[in-house]
Structure formats: structure tokens, C-alpha cells
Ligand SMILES: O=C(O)CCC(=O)C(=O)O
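We begin with a single chain expressed as C-alpha cells, specifically the form predicted alone.
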């Protein structure tokens, strides 16, 4: 499969893909609209992240999550049995997740040195969660001119499964090359590509690529971490117009290295914007 690029332990250790791996991954992302970097994270790191997720939300059953979603909390119900959670960036949700050197070095040539982190959330599906509708994370830009499909990448949703995700747990299904489709064109449903995810995978999906979370037919809860990276000028007005997209204690932000702090400036400005919009509507 030309959209799966294995990452070696040596590449993880030095924090950079080889030239051949980077070329293959960039080509897959450009042609298919997504790429799976298999083994981008050490499984031990993912297990620590899963333990942190469990510490924050593992005690909630479906009814408990629904109750949280009905309050002013970081939890939003986005479908039957499916929740988007703005994760608190503490514990193992640290720079190893959102500022992974290997992944940043892969993304910067695509979106520039001034690339920004837009959000860090988890999407958790409970047993019985239904398949999502086919969608892209943002409509094509400049639809009146039909140039959106021809534009270079301007935002990427990075999916990091916190558990091994087989077909029963509901991985993300992707329709290849649909980032080059106009908004009024849809592929046949049967063209969907469904790939089981492994702990350690980083699945990078162009913001324009059509995809859908599949149904969770297993008895297990499936948490997946989502981190959105974007060019400096792109603001997500669809998914986080009035919601806080990132949760990090200010002291943690101020303690970040000088070269990492600008990466998160976008999310902090969105936090202030969301608060202002909510205050106006109160």
C-alpha cells in the first residue's frame, strides 16, 4: 500500500525520516490526500498517553460522557456514542505528542516554518457508535473559482490511535484523492479505504480529504488523539468557532522552549476569541 510508510527505530531516535521515507510520505499525501506513518511513535509513549487519557476520562461510561456533554465541559457529543474532547495537555500529553520532532520536520516543508497547531482533541467512540457521514474537515477554499482542489496543503489532521484499532473498533475510513474533488463531487461509497490502526501510527489526513469514522461494533471504548496543524493564515471557522481548541495550563505554556512556544500561539489566540464570542452571546 503506497499510503503506508514504515518509520524505523533509527528514524524515531534521530527525530527525522530518511530522504526516501520523507519523499514517499510526501508523495502519498499529495496524491492520495493521506498517509500513515507506521511506527512514528514508540508504543511505550502511546501507552503512556493512553494511561493519561484513562486518568482524565477513563472512568466515564456512555451515560457519564453524555452528562458531561450536556454541561459546559470540554466534551462535545458529535454523534451517537461519539465524543470530541479537548484534552488537558498534562502528563504524557506533552511535547512528545504535539511537538514530535520527526513529525514537525515532516510537516514544515508542507506548510512552512510558521506552521501553527490549531487544536488538540480526542475523539472517543463507545460501543454502538454509528458510522459518521462522509465529510471533509473544511470546505474547499474559494469555491466560486473552483481552485481549492488545486491548492497546496494548508491544514492537516493528524490522527494518533491510543489503542490498536481493528475494523470492529471503528477506524477512520478514507476516500483516496478526494482532496482534489470539488465540494459538489462525491466518490462512490465502495471506494473507501479502511486500514486497521496500530499503536504508534500517525495518520495524516489533508483537511480537504473525504473521510468518516466507522461504527464501533466492539465492546470496547476507542480513543483517538487528533492534532490539527495549519499554515499561519488558516483559521478553522467550522470546527472550533466558539470552542476552546486546546487546554494547557498557562505555566506549562510559558515553560515551553522558545522554539516551540510559537507553534501553540494560534490555539491560545483562538481561546481568547472563543471567550469573546461567548461573552457577546451571553
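Numbering follows the first chain given and starts at 1. Please read these numbers as outputs of a predicted model, since none were measured by experiment.
Beyond what is shown, the protein has a form predicted in complex with the named molecule; the following relates to that form.
Find the only residue in 111, 195, 89, 123 having a heavy atom within 4.5 Å of the named molecule in the model of the complex.
None of the other options qualify; the answer is 123.
Scan 211, 180, 199, 116 and let me know which has any heavy atom within 4.5 Å of the named molecule in the model of the complex.
None of the others qualify; the residue that does is 211.
Can any non-hydrogen atom of residue 135 be found within 4.5 angstroms of the named molecule in the model of the complex?
Flag for residue 135 set to yes.
Using a 4.5 angstroms cut-off on non-hydrogen atoms, would residue 41 count as touching the named molecule in the model of the complex?
Heavy-atom contact with the named molecule at 4.5 Å: absent for residue 41.
With the partner left out here, check for me: in the model of the complex, does some heavy atom of residue 226 sit within 4.5 Å of the named molecule?
Within the cut-off, so yes.
Heavy atoms within 4.5 Å of the named molecule in the model of the complex: does residue 172 have any?
The answer is yes: residue 172 has a heavy atom within 4.5 Å of the named molecule.
Taking 78, 82 and 222 together, does each of them reach the named molecule in the model of the complex with some heavy atom inside 4.5 Å?
Answer is yes for this spot.
Please pick out the stretch from 211 to 219, 54 to 62, 253 to 261, 228 to 236 that is in contact with the named molecule in the model of the complex, where contact means heavy atoms within 4.5 Å.
Of the options given, it is 211 to 219.
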